[in-house]
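For reference, the chain that follows is the form predicted on its own, supplied as structure tokens.
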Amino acid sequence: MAGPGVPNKGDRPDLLTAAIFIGLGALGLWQTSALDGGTLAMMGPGYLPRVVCGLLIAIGLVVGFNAMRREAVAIDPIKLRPVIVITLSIVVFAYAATHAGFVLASLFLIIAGSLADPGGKWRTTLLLAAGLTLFGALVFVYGLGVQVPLWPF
């Protein structure tokens, strides 16, 4: 239930999500306004970004309208542990991918990132790390040809 002075309609986390989607979509449309959009038959450099931004705005509107019909839900306070752990994991991955290889960096990213949730199970985390690392290596290194070494040696 909503507290005193707070309206009893509007799911706050979903309203914030809708505002972010609409804001990013509007920013993208503004940034691509100088690019030629072209037509569906002859797409210009601004065509796809405008379509994606329009979809972002549409999704934001749908999420926002649905959130306004639900009961009020407050936004939980930010927990610093997950924010710090995930941010540091990504920074270390970015550095380690070129120096320690994709496999070790990816394993580190997933295992260290799992520390953000203290209730995680190690067996699940290790299986997920192995599967995602294999998938990432196949797709990015072999499939797309990303110039990252697989191993440090």
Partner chain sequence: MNFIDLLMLGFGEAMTLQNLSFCLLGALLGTLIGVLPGIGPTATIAVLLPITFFLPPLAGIIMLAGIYYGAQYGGSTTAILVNLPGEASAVVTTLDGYQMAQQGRAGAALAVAALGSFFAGTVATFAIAIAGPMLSQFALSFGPAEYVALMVFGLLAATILASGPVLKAIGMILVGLLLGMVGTDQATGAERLTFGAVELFDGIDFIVIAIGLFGFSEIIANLERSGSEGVTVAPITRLWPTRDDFRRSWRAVLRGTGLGTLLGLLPGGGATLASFSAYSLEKRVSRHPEQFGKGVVEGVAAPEAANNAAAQSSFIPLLTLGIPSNNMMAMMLSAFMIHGITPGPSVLTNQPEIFWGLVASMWIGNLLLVVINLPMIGLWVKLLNVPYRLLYPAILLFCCIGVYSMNNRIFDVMLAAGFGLLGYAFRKAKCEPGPLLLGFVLGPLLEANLRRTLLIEQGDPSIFVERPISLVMLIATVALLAMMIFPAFRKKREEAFQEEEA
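Residue numbers count along the first chain shown, from 1. These figures come from a predicted structure and were not determined experimentally. Throughout, rigid core stands for the largest set of C-alpha atoms superposing within 1.5 Å between the two forms.
The form predicted in complex with the partner chain exists for this protein as well; it is not shown, and the discussion that follows is about that form.
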Practice prompt. Please check if Leu150 has a heavy atom lying within 4.5 Å of any heavy atom of the partner chain in the model of the complex.
Written response: no
Practice prompt. Give a yes or no for Phe65: in the model of the complex, does one of its heavy atoms lie within 4.5 Å of a heavy atom belonging to the partner chain?
Written response: no
Practice prompt. Find out whether any non-hydrogen atom of Trp30 is located within 4.5 angstroms of the partner chain in the model of the complex, and reply yes or no.
Written response: yes
Worksheet item: Within a 4.5 Å heavy atom cut-off, is Phe135 in contact with the partner chain in the model of the complex?
Response: yes
Item to complete: Give, in sequence order, every residue of 42 to 61 that has a heavy atom within 4.5 Å of the partner chain in the model of the complex, or say none if there are no such residues.
Response: Met42, Met43, Gly44, Pro45, Leu48, Pro49, Val52, Cys53, Leu55, Leu56, Ile59
Worksheet entry | Core fit, then Ala130 C-alpha moves 2 Å or more between the shown form and the other one | no
Discussion item. Please state whether Gly64 has a C-alpha shift of 2 Å or more between the shown form and the other one, with the rigid core used for the fit.
Written reply: yes
